[in-house]
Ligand code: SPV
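Here's a solo chain for you in C-alpha cells, the form predicted alone.
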C-alpha cells in the first residue's frame, strides 16, 4: 500500500497540543460561549471534537461560532460577512459580491502541496512537502493566525446523506465568505454528523484563515493537504478554489480513497453529471470530465436533468450498474460567456430574482448590477471590478487592455435555483445510473467533436490522454498541458496507481452494465481544417447534438463508423439531431469536423507515450492501446495519405468488415 492513513505525526494535533477528550472539553469550555458550547455538546465523535479543539488552540481566535445549518445560523453567517466586508450587497435581493485580491484570482498551484511521509510517492505532476517541513511552516505561520477574528465551524456532507460514496467533513475557517459559500454549495449534516461518520468510517477536516488579507501576505499563502490524516490547511488566501477546502482539497482525499482503499468499488472524478431525455421519454445519465474552463458547466446545463457541474463520486452498485452522486449541492461556476443563448437555465438564475447568488470578481456598475465578459448584454462604460475603478479602454502599465471582468469571475448558486435541476435524482442516496462517460479538453487541431471507445481499455486511454490549453483557473499555468482524465490536478498519488484503478474498475466483472466511454472536443478551429481564422467549427448549442448522439449510441439506436481511434457518427444521424435543435448541418461541415489529420493524431499519441514512459509502473495496457491505434492510423495513412476524408474513413471501415 503506497498510502497509509494516520501515519506520521498529526500536524493539527501537534501544533494544537490537545491530546485527550478531557483536554478538548476543557478548552472548549474556556473558549466558547454557552450557545456555541451547547451546539458542540451535541457532537459525540471524539476525533471530531479533538480536531475542532486543536483548530481553536492552533489558530487562537477571539470567538467561535458553530454553524448548524439552521435558517437562523445561515442568516447570521451572511450578516456577519456583510458586516465584516468580505461581501457587499448588490442591486438584486439576496445577491452579494466578493472581491479576491487582484493577485489571487485563481488556484495557487505553485503554492499548493501534498504533505507526505518519507518515501511516499506522489504524482509527478504534483508538488509535495515532507511532513516535518510542513509542520514547521504551519507552526510558524498559522499558529495564532485567527487572533482578533471569529472562527466558524460547519458540519457538511459531500453527497446526499446516506449515499454509499458520501463523506462527511468539517469546514473550519475565519472567512465568513467561505462559510457562506459552503452554505450554498454543500449539504449541512450537523444533526446526522455522528451517524454519518460511523457509516462512512471517516471524515475530512479543513482549516483555513485568510489572515490580514493583504497583498504582501500572498507570498506566504499556502494550501497543504495532509494525505495521511485527511486534513487540509489553507492560509493567507481568499479565492474559493484555495479556501473552500470541501471542494478540490477534499476531492483529492476522495481520489486517494478510491485509488488505494476502494479499488474496483468507487471512483472520485472531476466530472459533471447530467441526464438527457431520449426517445420515448427515457432518461439517460452522463458523467463527463473536462479541465476547468473547458465547457464542463455548459455541457452539464445542456441536459434535461441536471445533477452537477464539477465533481462526481461513482460506484458499482449491487445490481451491476454504475451509479453516481454529486458531492456538491450548488455551483461555483465560471460566468465568462454565460449568456441567454448558451446557458438559458443558469442566466435565469443569475438575472431573475429568487436565487441567492454570490458574485466574485465581476464588474459592478453604478446601479449595483453585475456584468461580465460574454454575457450577451450591452456593457457599461464604467464600474468597479477586482482592480478598482474600471472604464472602457483602461490599460495596465504595460499597455495591455484590462477586461471588464476577470476571465475566472464566478457565481455561487444553489442547484435548486437552476431550471433543469432534477432534485429528486440528485438527492437520491442510490445515485443515478450512468450510461455514458465522456472526456474532453481544449483541442484546437486534432480530435473530432465526438467518438466512442471500442472497449473499456480504449475508454480509459481516452481519459488518460486529455490535453488542455492553460486557462484562467490556475495561477502559474502556461501553454498546453497534459491533464489526464481532467482529474490530473487532483490526483495525489502516482498516475500509474490511478490508471491501474481505472482499468480495474471499468473492466470489473461486477460492472455488468458497462457504460460507453467517449471523447468530446468542442474546440476544433477553421484554421486546423484548411480554413482561415481561429474561429471554432461549431458553437455551444452543438453540445446537445453530440450528447444526443451518445444517448442514442448507448442504447444501440444508431450505428457508427469504426476507426482506429473508436467509433464516429454517421452524417445522416447527426443531420437529424441538428434539425431537432433548429440548425442546418451541411455535409461540408461534417466532412471538416470528422476528417482525420493523421499526423496530428500520431503526434498526440507520441507525446503521451513519451510522457508516460518516464513514469514508473504505468500499466502496459496503455501502451498496447496506443500501439493498436498507431498501427491502424499508419495503415490508413499509407493508403490514403496524411489527411483522410470521411468518405475514405467509411470506405476503410467497410473494407475491414469484408
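Predicted model only: the values in this text are computed from it and were never measured. Positions refer to the first chain, counted from 1.
Just so you know, the form predicted in complex with the named molecule exists too; it's not on screen, but the next bit is about it.
In the model of the complex, the one of 180, 406, 222, 107 near the named molecule [non-hydrogen atom within 4.5 angstroms]: Looking at the other structure, the residue within range turns out to be 107.
The unique member of 131, 248, 227, 98 whose heavy atoms fall within 4.5 Å of the named molecule in the model of the complex: Answer to the contact question: 248.
Region of this chain that lies against the named molecule in the model of the complex, out of 235 to 243, 355 to 363, 159 to 167, 335 to 343 [heavy atom, 4.5 Å]: Contact-bearing stretch, as computed: 235 to 243.
4.5 angstroms heavy atom contact with the named molecule in the model of the complex for residue 310: Residue-level check for residue 310: yes, a contact with the named molecule.
4.5 Å heavy atom contact, residue 505 and the named molecule in the model of the complex: So residue 505 does not count as contacting the named molecule.
is_contact(residue 386, the named molecule) in the model of the complex, heavy atom dist at most 4.5 Å: So residue 386 does not count as contacting the named molecule.
Partner contact for residue 292 in the model of the complex: the named molecule, 4.5 angstroms, heavy atom: Within the cut-off, so yes.
Contacts with the named molecule in the model of the complex, stretch 488 to 506 (heavy atom within 4.5 Å): Going through 488 to 506 in order - heavy atoms within 4.5 Å of the named molecule in the model of the complex - there is one hit, 490.
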